[in-house]
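Below, in structure tokens: the form predicted on its own, a single chain.
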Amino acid sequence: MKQRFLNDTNLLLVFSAAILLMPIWLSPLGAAYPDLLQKFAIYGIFAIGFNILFGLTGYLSFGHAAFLGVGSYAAVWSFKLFTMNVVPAVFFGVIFAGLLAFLIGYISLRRSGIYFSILTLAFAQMSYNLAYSVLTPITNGETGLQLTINDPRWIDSMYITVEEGLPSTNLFGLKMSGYPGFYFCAILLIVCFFISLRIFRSPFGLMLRGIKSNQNRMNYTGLNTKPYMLSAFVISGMFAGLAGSLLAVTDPLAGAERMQWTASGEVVLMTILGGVGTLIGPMLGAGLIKYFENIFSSFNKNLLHEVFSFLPDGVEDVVVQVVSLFVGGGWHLTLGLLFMIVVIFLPGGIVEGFQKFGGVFGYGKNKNSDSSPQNQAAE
């Protein structure tokens, strides 16, 4: 037990250092600018929370985008009605997402397997359509919910001198843009990772693993698994709500597109790509997909010609023509190929790839040992 505590502490310290130093070690990859770093942290939170449900219980939800969207709407309304301070916005985003998750989970968890997945997808699509139509007074429909100069901001109007133009989100005066915004998201990511780590190591997490292994057998023993499942669903939804509120913190607007089924599918891809049921995997998957989306999509033929300028003219044109299919607008093709390779050859995701790579050099041989750092991250 003491050894495991030390390993978990070391894992948390290494993870924290890696996240806080991202502007340094991601600089050679061209991914050290604040907006992208914020997305790494925010979608890392989203994926870590989704993994608590999918990775521990095996229940695949296609409706988590609903909680992401609700978190964003709640945060923007907090900015409009109360204050531009991000603390209440984050609080409201998490609470409202948790309430919606309780409602959806209470109904959806009456079924399992593909029926559960379809129910969550249906609820997410209903939320998306409601945001576009019936709830337009709350969501502002297609235009999306945005800040205006005439917003009351009651708390700010009492204590803060109103400036011209739209105000910026802040943390007790510190503007949440650029690197300060990233480090705010990064600290919350570390907190979420710690919570996930404690859940994985707790009796509650062990119970969720048992449900994934054989829920029917646990029910036959007289144990009611529904409260555990609902708790995992709500916690996962609150993580998604936190991610949604942080999207509004770094860019104070909210639109129904965040509730589309594609956003739910994206977090599924992140988790599978990184490693379902692992601690580090979902974060790696989220970072990789956002890197492809923001870096690979920016490549164009002019840049490719510069990269391959050392080749003879005829060969250069052919190489550029082929490579251009996989970058720029075709970055989805590269991501799809990568996903196929991972699913076929590394069912355990990128984490499994690291474990196999470590095994080649003699690391991680004792797969069941608590003292193996690789296994601590994989668990």
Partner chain sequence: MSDFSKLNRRQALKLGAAGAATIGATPLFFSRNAWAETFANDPGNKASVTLGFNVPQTGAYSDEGADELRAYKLAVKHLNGEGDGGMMNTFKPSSLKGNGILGKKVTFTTGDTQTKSDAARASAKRMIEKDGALMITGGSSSGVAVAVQGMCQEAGIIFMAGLTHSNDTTGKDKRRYGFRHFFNAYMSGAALGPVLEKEIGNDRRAYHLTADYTWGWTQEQSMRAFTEGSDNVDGMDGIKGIGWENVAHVKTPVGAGDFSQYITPVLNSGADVLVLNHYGKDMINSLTQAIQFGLRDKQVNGKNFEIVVPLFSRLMAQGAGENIKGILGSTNWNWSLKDAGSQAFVKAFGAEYGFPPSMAAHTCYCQTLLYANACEMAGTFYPPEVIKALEGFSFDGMGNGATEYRAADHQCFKDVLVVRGNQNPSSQFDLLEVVQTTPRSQVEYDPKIFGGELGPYKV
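Since we're looking at a predicted model, the values are computed, not measured. Numbering follows the first chain given and starts at 1.
Keep in mind that the form predicted together with its partner chain is not shown, yet the notes after this line are about it.
Trainee: Test of understanding: in the predicted complex, would residue 308 fall inside 4.5 Å of its partner chain by heavy atoms?
Mentor: Residue 308: no contact with its partner chain in the predicted complex.
Trainee: Test of understanding: in the predicted complex, would residue 225 fall inside 4.5 Å of its partner chain by heavy atoms?
Mentor: No, residue 225 is distant from the partner.
Trainee: Applying a 4.5 Å heavy atom distance criterion, does residue 197 contact its partner chain in the predicted complex?
Mentor: The answer is yes: residue 197 has a heavy atom within 4.5 Å of its partner chain.
Trainee: Since only the chain is shown here, I'm wondering whether residue 18 would be in contact with its partner chain in the predicted complex (any heavy atom pair within 4.5 Å).
Mentor: Looking in the predicted complex, residue contacts with its partner chain do not include residue 18, since no heavy atom lies within 4.5 Å.
Trainee: Heavy atoms, 4.5 Å, its partner chain in the predicted complex: which of 128-136, 214-222, 151-159, 234-242 makes the cut? Say which one.
Mentor: Going through the listed ranges, the match is 128-136.
Trainee: Verify the flagged residues 114, 287 and 352 against its partner chain in the predicted complex: is each one within 4.5 Å by a non-hydrogen atom?
Mentor: Not one of the three qualifies.
Trainee: Taking its partner chain in the predicted complex as the reference, which of 103, 87, 295, 122 has a non-hydrogen atom within 4.5 Å?
Mentor: By the 4.5 Å criterion, the partner-contacting residue is 295.
Trainee: Between 238-258 and its partner chain in the predicted complex, list the residues on our side with a heavy atom within 4.5 Å.
Mentor: Residues within 4.5 Å: 250, 251, 252, 253, 257, 258.
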